[in-house]
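Form predicted on its own, single chain, as structure tokens, below.
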């Protein structure tokens, strides 16, 4: 524990800006993964523990496409679409077989997929750490705010993710498709009786969740090491975010992700040996005060 260092940081504007930016980056990437986890659980009632592997596949697809084309934009789009399609196949061929099963069965199936994907990644790309590097378009002088340094790519990632969060929230709450998704989450039997193909809705939600995770992996590639198994810690944090924010809530996923990101960023200064514990402590406090999560509905 290093409370003097934390105190020095929170009294320095430059340190606050730098650490807050780092926390926002962690939170924004985590939101893209956690939003998919929350939507899938909220609608399908499936604990998709393999979602972190989607994030990993997004990073590796970005690495491959960028190496071939030299276009980061094309690599990001390819990763999002590719992982989304993989998520769709995963839902149709595997997850659809365990709908309504016990959580333990779902976890075992997902864990088996994690092991398979991790080994496939080692076979295809190797077991060593890989790095994409910063794309040329973002190799610009960083912005300076109050003495704090904000890289151009960080600002791009924050703005892009916020736009996605707003669009996703509007799509779920304001569009007809979003109303159908919410109705399926509450009473799929009634929705099916009205002539709506709930299986198609389930597939669409999984497709969207896969695309979000693939996009997160793609956006993380320039600033994170790429290695087999990289999705495990992300999916654990995503479930923490989902519990904090409330199951099925996009707004909750965003707020929970930002809280976790800031806790990790400032926690590394004041509690370098207890950073992981701080996340679970925050989750425990939220569960005690509001068991359904910050934005979850009481049942």
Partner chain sequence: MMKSSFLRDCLIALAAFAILAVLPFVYPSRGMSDFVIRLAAFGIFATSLNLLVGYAGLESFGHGLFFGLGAYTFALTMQKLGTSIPVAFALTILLSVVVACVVGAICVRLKEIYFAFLTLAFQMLLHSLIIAWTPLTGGDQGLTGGVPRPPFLGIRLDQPYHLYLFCGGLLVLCLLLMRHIVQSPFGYTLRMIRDNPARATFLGVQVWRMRLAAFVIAGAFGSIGGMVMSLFVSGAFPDFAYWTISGEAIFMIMLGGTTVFFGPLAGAIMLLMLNDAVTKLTEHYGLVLGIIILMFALGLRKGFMDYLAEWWRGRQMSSVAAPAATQARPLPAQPVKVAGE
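Remember, it's a predicted structure, so these values are computed and weren't measured experimentally. Residue numbers count along the first chain shown, from 1.
Keep in mind the form predicted together with the partner chain is missing from the figure; the text below concerns it.
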Within 4.5 Å of the partner chain in the predicted complex, counting heavy atoms only, one of 23 to 31, 231 to 239, 66 to 74, 255 to 263 shows up; tell me which.
231 to 239
Interface membership of residue 166, the partner chain in the predicted complex, 4.5 Å heavy atom rule:
no
Can residue 251 be called a contact residue for the partner chain in the predicted complex at 4.5 Å between heavy atoms?
no
For residue 283, is any heavy atom within 4.5 Å of the partner chain in the predicted complex, or not?
yes
Residue 140: touches the partner chain in the predicted complex, heavy atom cutoff 4.5 angstroms:
no
The partner chain in the predicted complex: contacted by all of 2, 7 and 16, heavy atom 4.5 Å
no
If you check 134, 171, 81, 98 against the partner chain in the predicted complex, which one has a heavy atom within 4.5 Å?
98
Using a 4.5 Å heavy atom cut-off, which residue among 109, 208, 201, 226 comes into contact with the partner chain in the predicted complex?
109
Heavy atom within 4.5 Å of the partner chain in the predicted complex: which residues of 102 to 123 meet that condition, in order?
102, 103, 104, 105, 107, 108, 109, 111, 112, 113, 114, 115, 116, 119, 120, 123
